[in-house]
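Listed next as structure tokens is one chain, alone, in the form predicted alone.
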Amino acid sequence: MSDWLSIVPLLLVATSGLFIMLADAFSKEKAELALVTAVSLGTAGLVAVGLLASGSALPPLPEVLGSYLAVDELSLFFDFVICLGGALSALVAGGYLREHELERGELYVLIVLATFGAMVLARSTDLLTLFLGLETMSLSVYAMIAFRRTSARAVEGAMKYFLLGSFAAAILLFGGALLYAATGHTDFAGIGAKIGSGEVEPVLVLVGMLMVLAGLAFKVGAVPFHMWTPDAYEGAMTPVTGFMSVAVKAAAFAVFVRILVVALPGEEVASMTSGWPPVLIFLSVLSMVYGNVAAVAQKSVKRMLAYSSIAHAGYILLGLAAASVVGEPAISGVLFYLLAYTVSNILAFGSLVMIGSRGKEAVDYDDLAGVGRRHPYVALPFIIGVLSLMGFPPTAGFFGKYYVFNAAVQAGGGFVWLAVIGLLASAVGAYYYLRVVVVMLMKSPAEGQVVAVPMKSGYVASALAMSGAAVMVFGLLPSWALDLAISAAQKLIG
């Protein structure tokens, strides 16, 4: 049994998914499934972080799985991040569905299945596992977006995401086929070793690499592969939007890191002239600039957060590009950033759910007018969340951006200018984040304006309390999480 120790979090999530499916069939009180889902995913996350913090060597998997799933600290780190995002999202969904009379147990099953697919994707060491994890996660998310099937926006967002996601998956799959044609391997280590030997057709490798990067860039919402993001984020129910923004992004960046470090590490494909660093730099600059500028013009809070997520993808890509020069500092910065982004985004979207009850939801900026004065206990978590996304000290988001930008400065050369662009883009982002705070605290509702009325939900309040505490703890005491990120990055590179 000790051979399976390293994938216990994955097995717990798979088992809980089967149990929740059975429970849904026999349970009349669907809200209880939210608690079951949150506890199941939270337990899997705690097991992962316990194994990670123990520092003991992980036993290898049996050969039937060991060739396809990673057994390392990086996989456990992302197990924790993904399960944390899934558990908090399930709690938020429990309050949202009951308040809006949409209680159906399928959503919790889909959350668990999407979490399982995301964990498989993050652990992938082979192109075959990558595709299976990606599709398991994506199909569940497509259904989650269209969960409110009477909403035209939800169906439109799901269809756009499905169609564009299918094209992106096909591009990624074809890129993987070209890498296999060039190297004769589907496993990342074999691809990296073959490319490093120089016995490959460079054109096949280059085109295959670009297509794989394009497919992954779609999943993280990087410009110019971002077209689905605003409509999907706005159309989906707010708890689903929160889950998409953290779990999907974390899993996609996890496999991004693994491919760059393991499958594409050599000078032939990691140089500034003909490799992946200039591609990531290009995507990073476009995402940081466009995401922040477009967010300024939004009137919908959810669309603003959607464009904000595009900008955050750009910051993370900046860290990945710097990893080609400095290695561990950049990768550990990316890992900490994703952890900080997960708790910050769940706090922001969860607060948006709490602020609006049925028929009096908070959708646009005007809906938030004066909420801070009328209901300060509800406004405070939202303000903390957006300040963390902005990178305001001493929140977790501040240190996330600091570690990524610091890695870029350490890389030197053109990366310093890239860090400057990131700082200027963050300054633009500060405008629309602080605009929310100003509206909530200083603006009064217009005459005839529908005023948002907070809901009462123990589930949502619990999610906000945990995510808010995490934002502040990771900001005031970042060393614990950073040490785990550094250890995971060192083991991956070493």
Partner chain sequence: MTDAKFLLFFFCAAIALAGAIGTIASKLPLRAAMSLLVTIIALAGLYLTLDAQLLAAIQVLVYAGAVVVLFVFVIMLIGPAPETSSAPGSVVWRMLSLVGIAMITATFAFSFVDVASTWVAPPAGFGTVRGVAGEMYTKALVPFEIVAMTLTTAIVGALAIARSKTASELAEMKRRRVAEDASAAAQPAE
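Since the model is a prediction, treat every value here as computed from it, not as a measurement. Residue numbers count along the first chain shown, from 1.
The same protein has a further form, the form predicted together with the partner chain, not shown here; the description that follows concerns it.
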- Item | Contact residue in the model of the complex, from V120, V255, M288, A306 (heavy atom within 4.5 Å of the partner chain) | V120
- L69, M466, V49, M455: which sits within 4.5 Å of the partner chain in the model of the complex by any heavy atom? L69
- Proximity to the partner chain in the model of the complex (heavy atom, within 4.5 Å), stretch among 197-205, 340-348, 75-83, 247-255: 197-205
- Message: Considering non-hydrogen atoms and a 4.5 Å limit, does the partner chain approach L65 in the model of the complex?
- Response: yes
- Query: Is there a non-hydrogen atom of D366 within 4.5 angstroms of a non-hydrogen atom of the partner chain in the model of the complex?
  - Reply: no
- Message: Just checking whether H375 would be counted as a contact of the partner chain in the model of the complex - the rule being heavy atoms within 4.5 angstroms.
- Response: no
- So, in the model of the complex, is A14 in contact with the partner chain at a 4.5 angstroms heavy atom limit? yes
- Item | Those residues of 209-229 which, in the model of the complex, come within 4.5 Å of the partner chain by heavy atom | M211
